[in-house]
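Just one chain follows, in the form predicted alone, and it is written as C-alpha cells.
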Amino acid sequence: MRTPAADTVAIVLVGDELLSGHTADRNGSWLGRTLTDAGLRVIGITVSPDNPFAVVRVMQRALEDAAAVVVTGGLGPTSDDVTRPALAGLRAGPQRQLTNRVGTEPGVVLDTDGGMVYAVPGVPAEMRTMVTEQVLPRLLAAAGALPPRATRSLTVVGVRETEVAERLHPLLTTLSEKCTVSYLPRPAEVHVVFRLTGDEAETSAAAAVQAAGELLGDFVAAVDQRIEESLVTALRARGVTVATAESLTGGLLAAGLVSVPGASDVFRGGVVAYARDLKAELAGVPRAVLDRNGTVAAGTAAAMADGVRRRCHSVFGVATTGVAGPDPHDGHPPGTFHVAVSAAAGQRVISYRPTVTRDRDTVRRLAVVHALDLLRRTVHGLGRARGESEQPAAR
C-alpha cells in the first residue's frame, strides 16, 4: 500500500446543513487556504452527512491519500453531533483531547493505523483558534522540513478573467515549474495568486508580482490586500477623508471601509438614503436634480456624492444608486447602477448597464467594487475606468 507523503492533509466537513444548502461552507475554504499557505498540501475536501457510518467511510478514504485528516463539525451535545461516535469506529489508539479555549466542546486527536485524525468543532471561531494554535503546529511538525514558499496576490478590478489571463500570458510562459498561478474571479474583481516554492521563493514571487503589475497597469487595485485595505492605507498616507451616500448598496460600501483597522482616521461617516425624499433631505441632492433625472441616474449619483462630501466635511464623497432587482425600477432593468466620486475639482461617474441577469447580492457587490475603484483612481490621479463618463455628470 502506498504511504501518503508527510505533508499531505485531507479535510472533512460534517453536516447535513452543508449538503442541503441551508448553511454556506466557510470552514473548508478557510482551512484549505490556511493549510496551503503554511506549506502543506491539501489533497481534498469532502462533505459528509450527519451519519456516523458515512463519516467513518469518508475518513477512511481520506486516510488512503493523506497523512492526516482534519475533521470539522459534528462535535457537541445534540443528536446530529456524530463525529465522536464515528471516531470510535476507526482502528486507532485512545482519543486525546484538544483544548477549546473559546468554547465548551474539546477537540479530538486520534492516531489511527492510516494516519492522524484531528477533529475540531464546526463553530468558526472555535475551529480557527484550535487549528491555528494546536492542529497546525502538529501537522507542520509531522511534515518535517518543508521547502521555503511564498504567496503573493494581486486584486484586479475592471478586467474580466479571460483578459487578465491574456495580459499575463507573456509572463506565464517565463515562470518556472515551481510557480503556480490561480485566478479567483469575484464580482468586478479577479484575484491573481502566485505561489512559489524553493530557496528563491520570496525573490521570485516579488519579481512575478512586479512583472504582472506592469502587464496589468492601473487595473491593479491592490497587492496582497483587499481593495478596501489598500484604499484606507492610501487615504491615511495622504491625510484625507471620505464620506459615503448609499442607496443601492444599503451600507455595504461604508461597511467595507470600516472593516479595515484604522478606518476611523479617514472615514467621516455615511448616509443610507433608499427613499427618494431622503436622497434630498439626508444626502443633499437638489430636488430639481431628482425631478429631472429620477433616482437612478448618473447625475443623481454625482449629486449624492457631492452632497455627502459637503455635509460631512470630507475631502471625498462616494455614492451608489441603482436597481438591485429582481424587478425593474422607473424603467431601468435590474442590475443597472451608477456610482460617483466627488472632490473639490468635480465629480466622476461610472454607469453600469447589465448584459446578463445577476442576483441582488452580486449587483450590490459589483456597485461597491466599482465605487471603491473609482475612489482609488481619484485618490491616485489615475485615468478613466471602464464605464466611466468622459465628462462630469450634469447636475
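All values reported here derive from a predicted model rather than from experimental measurement. One-based numbering along the sequence shown.
Although not depicted, the form predicted together with another copy of the chain is the subject of the following passage.
- Not displayed here, another copy of the chain is kept clear of residue 290 by more than 4.5 Å at the level of heavy atoms in the model of the complex.
- In the model of the complex, residue 219 stays away from another copy of the chain, with no heavy atom inside 4.5 Å.
- Within this chain, residue 374 is remote from the site of another copy of the chain in the model of the complex, having no heavy atom within 4.5 Å.
- Put simply, residue 19 is close to another copy of the chain in the model of the complex: some heavy atom of it is within 4.5 Å.
- Between another copy of the chain and the residues 38, 56, 343, 45, the one pair within 4.5 Å by heavy atoms in the model of the complex involves 45.
- Checking 278, 108, 146, 240 for any heavy atom within 4.5 Å of another copy of the chain in the model of the complex turns up a single hit: 278.
- Within 4.5 Å of another copy of the chain in the model of the complex, a heavy atom is found for none of 85, 98 and 138.
- Just one listed stretch, out of 290-298, 206-214, 148-156, 108-116, contacts another copy of the chain in the model of the complex at the 4.5 Å heavy atom level, and that stretch is 148-156.
- Looking at 302-339, the residues that come within 4.5 Å of another copy of the chain in the model of the complex, counting any heavy atom, are 311, 312, 313.
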